[in-house]
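Below, in structure tokens: the form predicted alone, a single chain.
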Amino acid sequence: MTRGGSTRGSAREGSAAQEAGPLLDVRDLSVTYGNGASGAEQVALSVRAGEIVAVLGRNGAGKTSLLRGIAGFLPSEHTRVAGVASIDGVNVAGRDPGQSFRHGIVLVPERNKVFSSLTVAEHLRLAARAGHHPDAPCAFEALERLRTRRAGLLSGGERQMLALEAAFRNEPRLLLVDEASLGLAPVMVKELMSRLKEIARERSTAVIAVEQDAAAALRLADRYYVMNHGRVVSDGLARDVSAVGLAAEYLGTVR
């Protein structure tokens, strides 16, 4: 385990992903909002194709700012992004979401993941890339029987599945997931995370999953980073750390 924001040591060693270099390499990434508030400060992390990395931290630790710094902010948000978020050697830090999307980056946000008035089938049709049929079988099988149901009538777990299904239909190379477990029952969290891991492995999709639920995140991830006050304060292999110990030291609670 390393501390003090350095991520060049044990976090890269023994990764369960491929031996190739990182798909995404983040160095000295900082996010500053229009009112002067700092969201992230000099963050460094990496993720390989097919690898799942968890980013843990309390509310306000800078996790979402990190994801948005990679995925992009709209110009109207008046946010300054500095540093490097390099995907295949192209720095996407500070670009808008459309540009990041063209490099294969897809973000599933914490809230407002789906359109309440649209059916599941309409979501899938909107998400289907050129050359792909919207009626193709769902990776999340539970959605098959729900195709005609409006998203506003889905359970929390079903909405999360739909958001992830739509994201995967965009064929991301890097999937950023913000608080997938938020508000879900433990049995649903386990099912959702298990299937997310299977799909990412099958498709060699790199995943960065932001979570407060340390136990769920460590079951999902190959490696983890912990953020506090906008900085990375710890990182390592998920298999080498206890969720209870990690939560007690950095997060305050564990579910």
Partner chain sequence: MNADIANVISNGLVTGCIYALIGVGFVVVFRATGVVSFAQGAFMVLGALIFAGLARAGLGLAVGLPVMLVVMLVIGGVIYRLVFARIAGAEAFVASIATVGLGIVLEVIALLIWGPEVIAVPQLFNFRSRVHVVGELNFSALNLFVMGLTVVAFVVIVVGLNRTPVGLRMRAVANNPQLAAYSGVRVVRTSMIAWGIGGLTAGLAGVLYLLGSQPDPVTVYSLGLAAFPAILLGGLDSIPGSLVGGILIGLLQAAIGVFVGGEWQDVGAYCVLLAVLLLRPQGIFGSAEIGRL
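Positions refer to the first chain, counted from 1. Please read all numbers here as calculations on a predicted model, not as lab measurements.
Form predicted together with the partner chain: not shown, discussed below.
- Proximity of Arg68 to the partner chain in the predicted bound form: non-hydrogen atoms within 4.5 Å are present.
- Shown alone here, Glu77 lies within 4.5 Å of the partner chain in the predicted bound form, counting heavy atoms only.
- The closest heavy atom approach of Phe101 to the partner chain in the predicted bound form falls within 4.5 Å.
- In the predicted bound form, the partner chain lies farther than 4.5 Å from every heavy atom of Val90.
- With the partner left out here, the partner chain still marks one of 80-88, 110-118, 136-144, 178-186 in the predicted bound form; by a 4.5 Å heavy atom cut-off that stretch is 110-118.
- Every member of the trio Gly72, Arg125 and Arg129 reaches the partner chain in the predicted bound form with some non-hydrogen atom inside 4.5 Å.
- The partner is absent here, but in the predicted bound form a heavy atom of Pro97, alone among Pro172, Gly94, Pro97, Gly157, sits within 4.5 Å of the partner chain.
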